[in-house]
Each structure stands twice: as C-alpha cells, then as structure tokens.
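Same chain, two forms, each on its own as structure tokens: structure 1, then structure 2.
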Structure 1
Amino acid sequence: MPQREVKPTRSELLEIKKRIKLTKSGYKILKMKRDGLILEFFKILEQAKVVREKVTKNYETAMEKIAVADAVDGVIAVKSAAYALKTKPEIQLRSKNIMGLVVPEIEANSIRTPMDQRGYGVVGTSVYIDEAAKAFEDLVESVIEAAEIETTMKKLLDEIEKTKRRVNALEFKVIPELQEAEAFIRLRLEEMERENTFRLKRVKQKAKA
C-alpha cells in the first residue's frame, strides 16, 4: 500500500488495524487449509501407488490371458466372443467434499457379467476365453478406480498451488504493506502531535510576553 494513498488520521489508523487483524486471521485459516490439503494429498498418493501397481499387474495378466485364448481358440473365436457381449460398463459420477474441495466419486455398474450372460456359447468356447474375459473385467475395474484417484490428486494439487499462492501473497505482500501503512500513520500522528505541542507552547509564550 503506497504511503501517499494513506491518510494519516486516527480513523484511518483504526481501520488499518482492523484490516491487519482480519488479514492475519484469514492467513492462519488459509495456512491450515493448505497444510490439511497437503496431508490429504499424501494420503491419496499412497492409494495411487497401490492402484497404479494394480492396473499394471491387471494389464499384464489380461494380455497374457488374451494371448493364451488367441493361441488355443484362435483370434476369430476370441473376437466373436467379444462381439457377443451385449452389456456395457455404466459409469455414474458423483462428488464428495475434501476440505471444501469438490472431487469426483466414480461408481461403475455392469463391469462383471455372469458367464451365462456373456452372449457366447459356453460349449463352443474354452475356459481360456472365460479367463481372459474375467481378466479384462479386473483391468476395467482397476482403471476406473485409478481414474477417480488420479483426478482427485490433480484437483488437490491445483487447490494446494492456488492456496499456497494466496498464503504467500498475504504473508509477503498484503500484511507487510498494511503494517508499513500502520507504522507510517503512527509516525505522522506523532509528528503532528509534536508540532501541535510546539505551537501551543509558542502561543503560551507569546501570551505571557
């Protein structure tokens, strides 16, 4: 706050002191929010590590199972079984609140299909196709879980960065400027008081003379 914009009056001093108090209070709240968000982020990060490993493992398993099914039943039989499936995964998006931040909550339906409802003849296919189908259902489940966690992590990171910028602005710019303005007003008021006292003394001396 440039000093030339500050009026050196007692009412302005009171106003500045109120603003400093409110700003410091807001600063503390934002710091608590930032620290809380960081803690939440590290909790989610641990979950993300587990889910990423799960996705990788499920992907490798699914690739192995489909390769075996291709080798035993043939690529055409595997593709025919895949096209026979009528149900499709359904995604429902909801939201939850983490320290005032809205993050997605994903619920998936119809990922797992019973063997007798997959659309292809059980007699005409081998167990390897069933194993491949189950492996890909596991993979889809883990991918959806990873999508929810990764999105939450991104939103948390964005909010942490935004909150950190606001905390830094208050700590290093707004509060120091307000304190500087308060000090300037106090100094000017003291100078004006000394000048008034000096003038009063001069008037009294002249009156006595």
Structure 2
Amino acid sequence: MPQREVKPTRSELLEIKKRIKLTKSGYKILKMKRDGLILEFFKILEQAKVVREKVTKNYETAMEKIAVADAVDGVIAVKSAAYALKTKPEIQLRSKNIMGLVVPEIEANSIRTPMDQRGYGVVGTSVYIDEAAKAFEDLVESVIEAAEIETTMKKLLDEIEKTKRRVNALEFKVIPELQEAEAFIRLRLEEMERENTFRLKRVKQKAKA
C-alpha cells in the first residue's frame, strides 16, 4: 500500500491492525495447505514412479509379442484378429477430494476378455496372437492406472504452484506493506501529538503574556 494512500488517522490504524491480523492468519492457513499438498504429492510421486515403470515395461513386452505374432502369423492375420474384437474397455470417471482439490478416480471394466469371447476363431489363430492380445490388455490396464495417478499429480502440482505463489505474495508483499503502513500511521500520529503539545504550550505562553 503506497504511503500517500494511507490516511494517518486512528480509525485507519485500527483498520490496518485488523487487516494485518486477518492476513497473518490467512498466511498461516495457506502455508499449512501448501505443506499438506506437498505431503500428498510425495505419496503420489512414489506410486507414479512405479506405474510409469510398469507402463514402460508392459509396452516393451507388448511390442515384442506383437512383433513375434507378426512374424509367425503374418501382419494380415494379426490385423484381422485385432479388428474382430467386440468388447471395448469402458471407463468411469469419479472424483475425490484432496484438501479442497478435486481429483479424478478412474474405474475401468471389461479390459480383459476371455479367449473364447475375443471374436476370432481359436483354431484359426496361433498362440502368439493370444499372447500379444494379453500383453496389450496388461498395457491398457497400466495406462488407465497411470492416467489416474498422473492426472492427480498434474493437478496437485498446479495447486502447489498456485498456493506457493499466494503464500509468497502474502509473506513478501502484502504483510510487509501493511506493516509499513501501520508504522507510517503510528509515526504520523505521534508527530501530530507532538505538534499539538507544542501548539498548546505556545497558546498557553501567549495567554500568560
């Protein structure tokens, strides 16, 4: 708050004192929120690392298996088996609350299809195609898991950044400015008091004379 905008009055001083108290309590709460969010984030980070590794591992396995299936059965056989599938994974998005932050909870069903319901003939295709299909089902499952955890992480990180910025603004800008304004009013009031005392003395002296 620039000093020229501050009126050096007692009511303004009381108002600023009240604002400083409120700002400090807000600052404390925001600081606690930031620390809480960081703790939550650390919990998620471990899960995210594990899931990311799982996705990469499953992806490598799946690509290896499909390459074998392509080589043994031919690209056309793999393609026709892929296009014969009838079921598809369905996901439901729900939400949960972490310190006022809404994060998604993804629930998936029918990712795994039994071999006899895959839509292609069991006799007409080789075991390599089945293995590739199973490997990709594993991959889809881990991708859905990663989606939930990574979204939570992205949201948490955004919220941490936002809260951090607010805490810093209060700590380094708002509170110091209010304190400065308070000090300015105090000084100005003291100065006015001194001037008044001096004026009264002068009036008294003149009255005596």
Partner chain sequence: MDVAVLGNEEFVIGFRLGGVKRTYVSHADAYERTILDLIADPTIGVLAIDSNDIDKLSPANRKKVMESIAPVVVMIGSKEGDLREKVKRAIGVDLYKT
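So that the term is clear: the rigid core is the largest set of C-alpha atoms that superpose within 1.5 Å between two forms. Since the model is a prediction, treat every value here as computed from it, not as a measurement. Just so we're on the same page, residue numbers count up from 1 along structure 1's sequence.
- As summarised for this chain, the first structure is the form predicted alone, and the second is not.
- Superposition of the core reveals a Cα shift of 2 Å or more for residue 133 between structures 1 and 2.
- The Cα shift for residue 163 between structures 1 and 2, taken after rigid core superposition, is smaller than 2 angstroms.
- If you fit the rigid core between structures 1 and 2, you'll see the Cα of residue 47 move by less than 2 angstroms.
- Comparison between structures 1 and 2 places the CA of residue 58 2.4 angstrom away from its other position, after core fitting.
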